[in-house]
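The form predicted alone is given below as one chain in structure tokens.
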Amino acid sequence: MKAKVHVTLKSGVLDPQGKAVGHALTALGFDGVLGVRQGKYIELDIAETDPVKAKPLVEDMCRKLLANTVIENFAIDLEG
């Protein structure tokens, strides 16, 4: 089974990388960009095939390593 994890900063947490990307886009002539938030995308191939068992397993991985839950949120999509 493939697990796709999206990690994003929580609302209100400063995002200096997003700010830098926003400034760079403006410098390149993309004037319509009003804000940028940057995150992480992680794909995991896991042996578990039951989505009911896989989701808590991946959630545990996120809480223990993949996301800093103090400042980040995560969302999980499971495929096949």
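Just count from 1 along the sequence shown to find any residue number. Computed from a predicted structure; not experimentally measured.
The form predicted together with another copy of the chain exists for this protein as well; it is not shown, and the discussion that follows is about that form.
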Worksheet item: Does at least one non-hydrogen atom of L66 fall within 4.5 angstroms of another copy of the chain in the predicted complex?
Response: yes
Worksheet item: Heavy atom to heavy atom, is V13 within 4.5 Å of another copy of the chain in the predicted complex?
Response: no
Worksheet item: Contact between T8 and another copy of the chain in the predicted complex at 4.5 Å, heavy atoms?
Response: yes
Practice prompt. Determine whether any heavy atom of V52 comes within 4.5 Å of a heavy atom of another copy of the chain in the predicted complex, and answer yes or no.
Written response: no
Item to complete: At a 4.5 angstroms cut-off on non-hydrogen atoms, which residues of 22-52 are near another copy of the chain in the predicted complex? List them in order.
Response: A24, L25, L28, F30, G32, V33, L34, G35, V36, R37, Q38, G39, K40, Y41, I42, E43, L44, D45, I46, A47
